[in-house]
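First, one chain by itself: the form predicted alone, in C-alpha cells.
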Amino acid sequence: MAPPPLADLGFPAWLRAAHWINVFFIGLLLRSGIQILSSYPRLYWGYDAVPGREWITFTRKKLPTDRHWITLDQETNAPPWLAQPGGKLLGLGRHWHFASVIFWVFNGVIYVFLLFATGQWQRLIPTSWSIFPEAWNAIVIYATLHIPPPRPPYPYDAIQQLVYAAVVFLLGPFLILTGAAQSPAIAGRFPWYERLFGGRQTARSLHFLGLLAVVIFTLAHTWMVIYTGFAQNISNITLGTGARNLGLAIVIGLAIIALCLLIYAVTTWASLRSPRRVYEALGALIHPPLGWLAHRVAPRQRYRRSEISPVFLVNGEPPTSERYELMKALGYADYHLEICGLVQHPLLLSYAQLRALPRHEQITLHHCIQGWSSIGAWAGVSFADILKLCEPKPTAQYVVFWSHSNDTSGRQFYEVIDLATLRHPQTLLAYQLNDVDLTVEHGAPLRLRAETLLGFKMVKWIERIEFVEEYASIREGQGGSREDNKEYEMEASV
C-alpha cells in the first residue's frame, strides 16, 4: 500500500482502536505493577538488596535491627482503588501484570506494523533536523502559557511529535527490556543480559522509573488534550478527523474511559472475592509461555566472590517441631533424607552420606518473587548425582520437595518442580552458603537451589523428596504450598 500524502494524515480506525486498547492495558499494567511493588516496597541499585542501601522506599515499616525478620514482614496492603487487585495478593497481581503484558505487546506490535504499512509512521518519526529548533520554540511558547501552532501537515506541534515518538519507540521497548532483566530464567541462562542493566536491582529500579515516566506522560498528555482543545482532540481519537458531531465524540470518549474504570473495579472485586477462579482464568493464558521459558533454559550463572552480597536476605519461617529442634541440637547428625516415589532405588541418605557425595559449588543470584535479590556461594550435592543414585522410573515427571516447616495454612510445606528443570547442571541440594554450613534461617540442614526459578520454589529444611507422575492430586493440585495458598505460579520462571 502506498503511503498517504502528508496532508492526508489523519486518525484511521485502526489507530483509534489501538489507542484506546493501549489506554486500557497501560492502566492494568500500572495498577498491577503497584501491587507487585507493594510486596517489597524498597528499591536498590546493583545486583542485590542490602538493607539500608535502598535509594527510595514506599513504606513506613522500618527494617528491624534487634530481632530476626523475614522479607514478607515488609509486605504492605495495597489499596484496591490504586492497585490490582489490592491487599497482599502478590500472586494475583503478577498474573494480572503478565496477562496485561501479553495483550499490550500484541497491540503494540500490530500498531507499529500498521504504522509502517500505511505510511502513518510520518506522524511520529521526524524526517528533518529542523524539528529540534521547532520543538524548542514550542517549549518557549508553552512557557508563556500560549499554545504553539501545529506543525503542518501534522495535527500537533514539534515537541508533541518528539514525545510521542519517544514513548512508542523508546519507552515501550525500555519497559519490556527492563522487565525481562528481572526474570530468573533469563538471568540464569544469559547472565550477560542482566549485566547490561547493571544488575537485577538496577533493572527493577529502571523498570519503576519507566512506570513513573508513563504516569508523567499520561498526566501531561491528558492535560494537553484538554488545554489544546478537548472537544476536537477527543473527536479526532474517537470518531476520526473531520467528524462534525463533537458532542457525540465527547460522550463516546468519556464512556470508554468510564468502561475502563468499571472493568478495573469489577476485576478487582472478582479477584478479592474469588481469587482462585481469577487465578485459574488468567493462568490459562500466562502459564504456557512461563512453562516454556522454565523448561527451555539451563542456568549458566558465574558470579565472582567479590560480588557476594554482604547480607543474604531471608524469607520463610523456620520449623518449630520437636523433631526438628532435636536434630538441630544434635548438629543434624541424625538427619536423614528420604527419596521415594517413582524411583528404581528408594534411598535414605544420612547427613554424613550426603556430604560424602561429590561436592559442587556455584555463586549465583537468588531471585525472590517479592522483587529482592541476593548473591551467594552455594555448595552441596548436584541433583544430577541424586538422580543417578535413585534412577527415576519412566513415568516420573515431577518431584515433590517436602519440608520440615509448615505453610501459612498450618500444613506441611511442599513445592513441586518438573524433572526436566531439576536435571539442569546448576540444580543443587545445598548444605553450605558462603563457605559455612547453612543456618536455620537459610534452610539447614539441606535446601534446594534451582537457579532458573524464583526463590519460593527452592524449598528449605528438606525432609523428603518424592517422585510422582502428576501433582493434581496433591492438596489443591496447584503445584505447591505457595500456589495453593497465595496464587503464585507453579512455573516461577519470571
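Only a predicted model underlies this, so the values are computations on that prediction, with no experimental measurement involved. Residue numbers here begin at 1 and follow the sequence given.
Keep in mind that the form predicted in complex with a small molecule is missing from the display, and what follows is about it.
Each of 313, 441 and 455 is positioned with at least one heavy atom within 4.5 Å of the small molecule in the model of the complex. For the options 364, 403, 238, 178, the one in contact with the small molecule in the model of the complex, meaning a heavy atom within 4.5 Å, is 403. Checked against the small molecule in the model of the complex, the candidates 378, 351, 104, 111 yield a single residue with a heavy atom inside 4.5 Å, and that residue is 378. By the criterion of a heavy atom within 4.5 Å, residue 465 is excluded from the residues contacting the small molecule in the model of the complex. The small molecule is not drawn, but in the model of the complex it has no heavy atom within 4.5 Å of residue 44. A residue is said to contact a partner when one of its heavy atoms sits within 4.5 Å of a partner heavy atom; residue 158 fails this definition for the small molecule in the model of the complex, lying far away. The small molecule in the model of the complex comes within 4.5 Å of no heavy atom belonging to residue 428. Listed stretches are 447-455, 60-68, 46-54, 32-40; the contact stretch with the small molecule in the model of the complex is 447-455, by a heavy atom cutoff of 4.5 Å.
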